[in-house]
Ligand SMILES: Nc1ncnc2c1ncn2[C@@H]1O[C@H](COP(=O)(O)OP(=O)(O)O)[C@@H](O)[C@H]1O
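Okay, here we've got a single chain as structure tokens, the form predicted on its own, with questions on binding and movement later.
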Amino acid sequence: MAGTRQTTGLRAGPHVPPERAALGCREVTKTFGAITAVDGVSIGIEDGEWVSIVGPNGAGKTTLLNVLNGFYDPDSTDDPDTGRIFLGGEDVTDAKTHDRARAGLGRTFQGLELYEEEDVIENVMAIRAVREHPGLLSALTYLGPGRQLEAENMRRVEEIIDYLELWEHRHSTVASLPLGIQRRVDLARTLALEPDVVLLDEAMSGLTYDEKYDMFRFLADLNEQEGLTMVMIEHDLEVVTDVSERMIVLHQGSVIARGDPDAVVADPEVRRIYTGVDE
């Protein structure tokens, strides 16, 4: 699925051509009135990569994720080859968010989107229904395919809960759980879609050191053992340097650097943006 890598420096173009990437976009722009949140961004994420998107507050990171998974439409252009989103080699620019989810694009949220008064199993089962659902009649009568699918969905949900070590919380209401467990429930809901690519919007935000360690342990297993492609937004440069294969830096909506994390962090322009001091 991936194309030939481009490795001509920190100001180079996408790592792989967007149309051949596990997830990619070509010259995507998103404006809100007079504000340009994303400005001509092109990226290509290879199958099985763990890529971090970093940048100061207001850089356009979350807006870019919202465009990639269909919450926002990119600005239209006169050029049909620009402003395009690709998933698994397919152009999904016009696909709805739920269609991208069914096609293999998962997403966690910085602001948790959980059903707080429901328990863990109910939260994960609700998202599982986005991926697979029986016909209306069989669902209403709980016969035939509807009943079989319900049993299969429950089996899969229980596997995910076990994988993320949530078994002791399976019948706890989400509102009663600490933040670290809630973020794990959010990840479980994403995994219920059986994604190929996962967008992680500050999945470690607000967590203690031990909670971050647990989350990274699960994410590393998913990346290394299950082969999931990870695209992570994170503010902590030290953290993303340790875990990422590549780093993309956004500033004022544009990509200013990309490549090996150590090289990116050492780049004077990147350091200036983060510290405000010229070196």
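All residue numbers are counted from 1 along the displayed sequence. Fair warning: this is a prediction, and the values are worked out from it, not measured in the lab.
Below, we refer to the form predicted together with the ligand, which is not included among the displayed structures.
A.B. asks: Which pick from Thr63, Ser244, Asn223, Asn69 sits with a heavy atom within 4.5 Å of the ligand in the predicted bound form?
C.D. replies: The residue in contact is Thr63.
A.B. asks: Pick from Val51, Met215, Ala59, Leu237: which has a non-hydrogen atom within 4.5 Å of the ligand in the predicted bound form?
C.D. replies: Only one option qualifies, and that one is Ala59.
A.B. asks: In the predicted bound form, which of 42-50, 223-231, 207-215, 27-35 comes within 4.5 Å of the ligand (heavy atoms)?
C.D. replies: Among the listed stretches, the partner-contacting one is 27-35.
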